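So this first bit is one chain, no partners, the form predicted alone, shown in structure tokens.
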């Protein structure tokens, strides 16, 4: 634990030093990035030890704040969530060393690095805090620091709007967390987490679960509380987007899982509810991603999708826990928690890849890109690996965690009662649909961005990013491959983490999943070796022959151009039409008016149904209400004094009753 605190001190001191020299972009970037990398490397040592050995360390110091205490606890659950935080933040800092330098003549970079480091420290304290006051302070610091990072390009109206939407959503989530912690604290007589030991009545437990689901789910981006995510993530710089999407939203998952340790054995309907929300978030998240034309907005909606997958795993695990089925409970939670790590890796990789595309081509509109694999081969390769991983395809890491959830769901479908078995079948169908749609979406994203011919001058003039940016992407890509091929060994570290939640590490059940994973990944490895052998044999046979190249027959067109390629809208149109009931996509079509092709145009616009159908009417009604309340703002001091006097009299009479 002391090493973690030393590491966090290094990070925050580096941020303060960067702030002190904020006008010097190069020096502040060096101080901010270097302190983050050094701090993350130091912090990973105790984090990995805690996960491997299953130890728990505590620091508890006196604090004069009422009901507050400096109570930190590093156990396997908190260490498991700290692992992706430190890994991805360190790599994002290396990446940001080059990426942020493009703004050194326009911005005070020291200010941004200060908030970047502060965000990292606050996320760590959220996972370590074991007192309500300390947790909520860390939670709010995390929200404020990320708000300023989202507002980095505040001179743009869209960025200002996105940052304020994010701030409102953050406070909405906190508003639900406060009564939850008050209920826990009133029953325990303390606001320290170790006093929250399953002492609530069933009604109070149900209320706390719902409050936790809304409060933490807002930060995680579950439907329908996700509306901030598709606007905030694209607005932030790419290193920040990678952090927010890869690890910051996981603090919501951490908070929800930690709350389960306070509540104990859940009733069956909790699992049903989590499973239903997970399926809805997963399916709708990937559908809205498929309809997007901006690369970072597309990736942002995939965060909603993957949070849905995590909730599916948690829902399956909770149903197994409630039903007394250890293998379903253990593997459901194991798959969900492993997907926390996997999503951090491949989503961080994809956001860094999108930032590399923007850095090299100065554009993120899909229909203004194309052909970048020739200009940016390293970025294209790493983005392809991330695309395969997020689609849940073997032999990469996304497949491993989803496969474990599949095993849990199939086990539950075969052994639970009819209603629970039906829910397991729903989980299987939901995961299958999500995986298929994700594969279609990233076929579109990778194909439109990297293949074909350039669709704009920006794409024609694109250039590969420097090693400062490609190295972090390479490390994340290797990690995706490593976990994919060695998933059977990686899942063996999960039992201590599960033990914190379920009270039992279920080592035997995890070993069953490990055996299944070994068989599947071994088969994938054999298939890869076979393909490599065939490729090597082909190269050997062709090495003794002269090999030429020529263009393919293109229906009579000798020089096809960008207008002959699929656009993002036309590629996704069949699937979008199939799910038109949910997406409500609007189309603008201009057809040619003669037999000879003239002006023709096809566009689609998909508005988020949650924002349009739920939040916009609510905010409009609130704005209208407060607009009417302006009549009480007379602008005269004596009227305001009268308001105060009337209020005091009402309170006095109320107290005398």
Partner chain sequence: MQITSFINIILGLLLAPLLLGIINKTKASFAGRTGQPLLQAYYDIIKQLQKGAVYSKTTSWIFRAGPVVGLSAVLVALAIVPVGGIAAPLAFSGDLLLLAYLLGVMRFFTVLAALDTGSSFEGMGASREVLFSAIAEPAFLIGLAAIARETGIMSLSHMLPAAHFFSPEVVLVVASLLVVFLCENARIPFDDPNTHLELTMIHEVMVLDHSGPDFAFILYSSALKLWVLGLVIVGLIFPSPAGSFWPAPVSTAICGLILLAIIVGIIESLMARLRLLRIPQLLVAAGSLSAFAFILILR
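Remember, predicted model here, so these are calculated numbers, not experimental data. Positions refer to the first chain, counted from 1.
Just so it is clear, the following notes concern the form predicted together with its partner chain, a form of the same protein that is not shown.
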query: Interface segment, criterion being heavy atoms within 4.5 Å of its partner chain in the model of the complex, picked from 158-166, 467-475, 338-346, 391-399; finding: 391-399
query: Complete contact of 610, 614 and 632 with its partner chain in the model of the complex (any heavy atom, 4.5 Å); finding: no
query: Close approach of residue 538 to its partner chain in the model of the complex, 4.5 Å, heavy atom; finding: yes
query: 4.5 Å heavy atom contact, residue 154 and its partner chain in the model of the complex; finding: no
query: Partner proximity in the model of the complex: residue 171 to its partner chain, non-hydrogen atom cutoff 4.5 Å; finding: no
query: Partner proximity in the model of the complex: residue 502 to its partner chain, non-hydrogen atom cutoff 4.5 Å; finding: no
query: The single option of 486, 384, 188, 111 touching its partner chain in the model of the complex, heavy atom within 4.5 Å; finding: 384
query: Contact residue in the model of the complex, chosen from 526, 175, 265, 182 - any heavy atom within 4.5 Å of its partner chain; finding: 526
query: Stretch 414-431 - residues with a heavy atom within 4.5 Å of its partner chain in the model of the complex; finding: 414, 415, 416, 418, 421, 422, 425, 428, 429, 431
